[in-house]
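Before any questions on how it binds or moves, here is one chain, the form predicted on its own, in structure tokens.
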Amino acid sequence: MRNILTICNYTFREALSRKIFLTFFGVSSLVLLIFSLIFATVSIEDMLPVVNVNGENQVDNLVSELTIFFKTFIIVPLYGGGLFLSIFSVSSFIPNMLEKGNIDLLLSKPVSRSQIIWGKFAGGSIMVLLNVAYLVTGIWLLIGLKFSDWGMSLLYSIPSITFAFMVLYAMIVLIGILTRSSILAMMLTYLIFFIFSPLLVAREQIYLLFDSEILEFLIDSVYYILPKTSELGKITVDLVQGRGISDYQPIWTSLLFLILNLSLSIITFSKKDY
């Protein structure tokens, strides 16, 4: 465990030296500053009109809807944009580690190769977790102070977004070990995140266009193999809006994808000669 923490710390320091963590922190701080100014200068009454239905004041309901709006407004771009930046940030960790000189120095240390992979994976994941937690917790505090809404639903997005990143990061680690290319690892991950996953969610509509059982089998196979980033995004929004999780299948299959990729990464890295 100590060796894993050492590699994790080294990865975190690498992110700091390349200004990755500071960039995340700066963007998050800017978002919090903007929301602080909005909440400080605009009253609740200015944000929404007082609506009366059947003679009953509906302000409380509208304020509740307004808080949900702000929560969704920040989480939706955070999920997409945050993961986009996170993938870009960590895609070079493994290729840089495998460069001549870096890998020689690392392997000379009394640390196993599996511990190196676990440390790299943990370091990148913790970096993203801290940034997501900083932004989400800050928004949660601002909403609580402004609207007196201290519900925990917004905070559920922290583990949800971090888990989605970890699933994709596991694949980045494997591709990095196999190809030593940060560009390829990044592009393949973006391809799954932005194209394949959204398309596979709509596979039922695709089946209507092509009457082929073989095609349906192939598409279903790809769907269950690849991570369910679109569904994980929907789960994140549902949690934030207080609806809970209606389908755990995307979580379990994505978790299996994570475990498989990390296992293959450890096996491949242990057998390669550097």
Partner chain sequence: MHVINVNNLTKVYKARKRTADVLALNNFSLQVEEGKIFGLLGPNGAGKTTFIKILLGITHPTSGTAEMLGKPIQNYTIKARIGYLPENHRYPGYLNAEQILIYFSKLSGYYPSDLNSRINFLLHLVKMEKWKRVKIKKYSKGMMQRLGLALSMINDPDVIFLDEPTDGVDPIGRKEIRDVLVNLKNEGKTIFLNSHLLSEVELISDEVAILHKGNLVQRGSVQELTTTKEIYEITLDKALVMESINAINETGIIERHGNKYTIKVATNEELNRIIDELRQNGYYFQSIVPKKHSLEEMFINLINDKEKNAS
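Quick caveat, the model's predicted, so the values are computed rather than measured. Numbering follows the first chain given and starts at 1.
What comes next is about the form predicted in complex with the partner chain, which is not displayed.
Among residues of the shown chain, residue 10 is one whose heavy atoms approach the partner chain to within 4.5 Å in the model of the complex. Although the partner is absent here, residue 199 is not a contact residue: none of its heavy atoms lies within 4.5 angstroms of the partner chain in the model of the complex. For residue 148, no non-hydrogen atom is located within 4.5 Å of the partner chain in the model of the complex, even though that partner is not displayed. Proximity of residue 152 to the partner chain in the model of the complex falls outside the 4.5 Å heavy atom cutoff.
Heavy atoms within 4.5 Å of the partner chain in the model of the complex map, among the stretches 103-111, 188-196, 155-163, 80-88, onto 103-111 alone. Residues of 1-29 lying near the partner chain in the model of the complex, listed in sequence order, are 2, 3, 6, 7, 9, 10, 13, 14, 17, the criterion being any heavy atom within 4.5 Å.
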